[in-house]
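Quick setup: one chain, the form predicted alone, written in structure tokens, and binding and motion questions come after.
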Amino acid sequence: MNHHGVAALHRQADRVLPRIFRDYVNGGSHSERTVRANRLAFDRWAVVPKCLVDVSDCDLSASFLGSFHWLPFMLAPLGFGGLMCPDGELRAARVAASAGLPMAVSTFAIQSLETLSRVPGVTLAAQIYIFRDRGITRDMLRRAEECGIRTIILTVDTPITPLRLRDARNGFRNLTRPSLRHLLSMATHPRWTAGMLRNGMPKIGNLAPYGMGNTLMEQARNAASQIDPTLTWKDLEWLRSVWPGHLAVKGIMDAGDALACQKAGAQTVIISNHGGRQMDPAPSSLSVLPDIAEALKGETEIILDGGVRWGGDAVTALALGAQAVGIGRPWAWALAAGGEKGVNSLVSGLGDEIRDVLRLGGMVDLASLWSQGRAMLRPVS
């Protein structure tokens, strides 16, 4: 597998994963209109080719989330990533380390922060929720700091979990142990099942210290009910006061909310509609990027999350005001389809595509892209 071909990885992942986890990764809330909108938004823009520029070298390095990276994207937080293949998050962390890009570790990760932080050369960010029990949140911050993690990503768009039809049909986060239907589905996906059984029954390693249940499904249900729905801007100010490192806020879709994050002292805003898994219908992430970029005036960093599948998508987002983009579902598919090789293929392929688009647009680095900004794009009617 020498090139990622996201659509091919997606098809392969769908063949490998049992239905409950396939639906978990692919699904969204309500009508799933927002899931589709995230992709369609990129079709509204084209990058203008430029000629007769020396583009023999092209540098994709960028600084974001408080450190320097070789590529302008990150592995976005992915719950249950370790269920895509055995040791899934560990394999992804090794690829992120060798490619020089950051990886965000979900609260719902199968491998713990402690395990992942031991991967040589990896740059991790810890994604957290503020739980009803603030003691758990404080402890996760302590653990992150002890692991040498300097960046926290607070997800703020989940005061409730809306109806996700695919998950509801499968009993995901309602049941506490697999049903007969789940066991039959696993039996018909022998490659996945054999890999998982070799490692023993998976649990959410990040939540292991907090006694949230004896099975993965029980942990997932209990942790989801622990996310505090009473959260306000005062809680963001509290988090800023107790966390000394870099603070990113994920789930922002409104310019006013972005400005409030800036005022509360967040260094990074991650524009995201949770991959269409929360509000439906919501605008696409890309469609709100220009308004938020204008409001923040370059004083707060922006990462665009949602719908990025090709190098041209990343370039479009950077031209509209983002400093980097997040890759979510594609790295889940890549893990399921090909493990470490699959993620490596995804990451190198995406980097190559970004480089192709920049060079054919007459640019040799990201600074030249940002200096042109929207002038390098044309709306597609």
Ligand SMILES: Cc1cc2nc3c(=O)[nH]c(=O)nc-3n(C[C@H](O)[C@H](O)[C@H](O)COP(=O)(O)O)c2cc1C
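Residue indices: 1-based, along the sequence shown. None of the values given here were measured: they were computed from a predicted structure.
What comes next is about the form predicted in complex with the named molecule, which is not displayed.
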Quick one: find which of 208-216, 122-130, 88-96, 237-245 has residues within 4.5 Å of the named molecule in the predicted complex by heavy atom distance.
-> 122-130
With the partner left out of view, is His182 within 4.5 angstroms of the named molecule in the predicted complex by any non-hydrogen atom?
-> no
Flag Pro330 as yes or no: does it have a non-hydrogen atom within 4.5 angstroms of any non-hydrogen atom of the named molecule in the predicted complex?
-> yes
Heavy atom of Lys203 within 4.5 Å of the named molecule in the predicted complex | no
Look up in the predicted complex whether Gln111 has a non-hydrogen atom within 4.5 angstroms of the named molecule, and give yes or no.
-> no
Quick one: in the predicted complex, does every one of His69, Ala314 and Gly351 get a heavy atom within 4.5 Å of the named molecule?
-> no
Residues from 338-374 in contact with the named molecule (non-hydrogen atom within 4.5 Å) in the predicted complex | none
